[in-house]
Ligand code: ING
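Before any questions on binding or motion, here is one chain by itself as structure tokens, the form predicted on its own.
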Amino acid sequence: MSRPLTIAVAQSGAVQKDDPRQANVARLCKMMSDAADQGADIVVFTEIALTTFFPRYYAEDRAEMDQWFEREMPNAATQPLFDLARERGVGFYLGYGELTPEGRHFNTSILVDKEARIVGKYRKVHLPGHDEFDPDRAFQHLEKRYFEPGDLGFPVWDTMGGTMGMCICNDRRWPETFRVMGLKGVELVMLGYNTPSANSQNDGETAEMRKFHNRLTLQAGAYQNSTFVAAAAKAGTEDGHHMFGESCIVAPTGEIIAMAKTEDDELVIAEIDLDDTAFGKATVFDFARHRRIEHYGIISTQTGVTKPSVK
């Protein structure tokens, strides 16, 4: 048996602060159309795909930032993407800032099927950065100011022939992200990220080290849960801030099977077989046989580090 699926990871080059949403959506539509021409079943776009990465900007009045958020999905700007998905029979993952009718703000992604129906929503759980202006940083990272932590957990959805899950950017650094979805049988984890090449708090951390950490977390999450991972970057120099690319597709073995070569709009495409996730789930990572949950309680009951007392 086999369950083939052709994945297209759609890396976005830089999106500048003054670029209108309609122009950004047109770029996404071009990549979706190109992906469909190459037989893609699903396209993975990046985090905050419709605008520049606005959390790098500080506004004393929080409401000034609402211009960067979407109040409904689809909306007038994004409807062409949904129309094209329906016309070409392609599903997609899309990240954006969500402003709910109740006035709540989330860093959100959606999963859209081949009929252009929204079948899943995820809200970023692990928010990095800080919530007030920090003069000691080389640049600001104000996700904690502009977003609430996600309130939907880590759901998965049976759609388009497989069990699919989502996360966003910093979530990939936390093993709990992948393990929760792994315990739900996930076979494909999709995520977008906007990751700067520099660390705003550590100028000694090189861009190559940050790329290594990106690959490490994606590959570990894939291997330790026997799942495919498809990760889409926003890359290049955006409003004077450089972000690395390396959008990629990772196999359940932890091997990278395709990776972007540029920092521009670029498709990374691979034909996979979702049945390739079965072996790991039935052997090394057969959770039912091998997990020892009696020893894991600290993971879900404690946040900070508690060192053993000295006697």
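Note that residue numbering follows the sequence shown and begins at 1. No experiment lies behind these values; they were computed from the predicted model shown.
The discussion below concerns the form predicted together with the ligand, not included here.
Think of it this way: in the predicted complex, the ligand has a heavy atom of just one of Gly161, Pro128, Gly185, Pro149 within 4.5 Å, and the residue is Pro128. In summary, among the residues His241, His105, His141, Arg179, the only one with a non-hydrogen atom within 4.5 Å of the ligand in the predicted complex is His141.
Looking at 153-161, 68-76, 194-202, 93-101, the stretch with residues near the ligand in the predicted complex, meaning non-hydrogen atoms within 4.5 angstroms, turns out to be 194-202.
Among heavy atoms of Cys169, some come within 4.5 Å of the ligand in the predicted complex. A residue is said to contact a partner when one of its heavy atoms sits within 4.5 Å of a partner heavy atom; Phe53 meets this definition for the ligand in the predicted complex. Taking non-hydrogen atoms only, Arg173 approaches the ligand to within 4.5 angstroms in the predicted complex.
Interface membership of Arg88, defined by any non-hydrogen atom within 4.5 Å of the ligand in the predicted complex, is ruled out. Shown without its partner, the chain has Glu47 as the single residue in segment 33-47 with a non-hydrogen atom within 4.5 angstroms of the ligand in the predicted complex.
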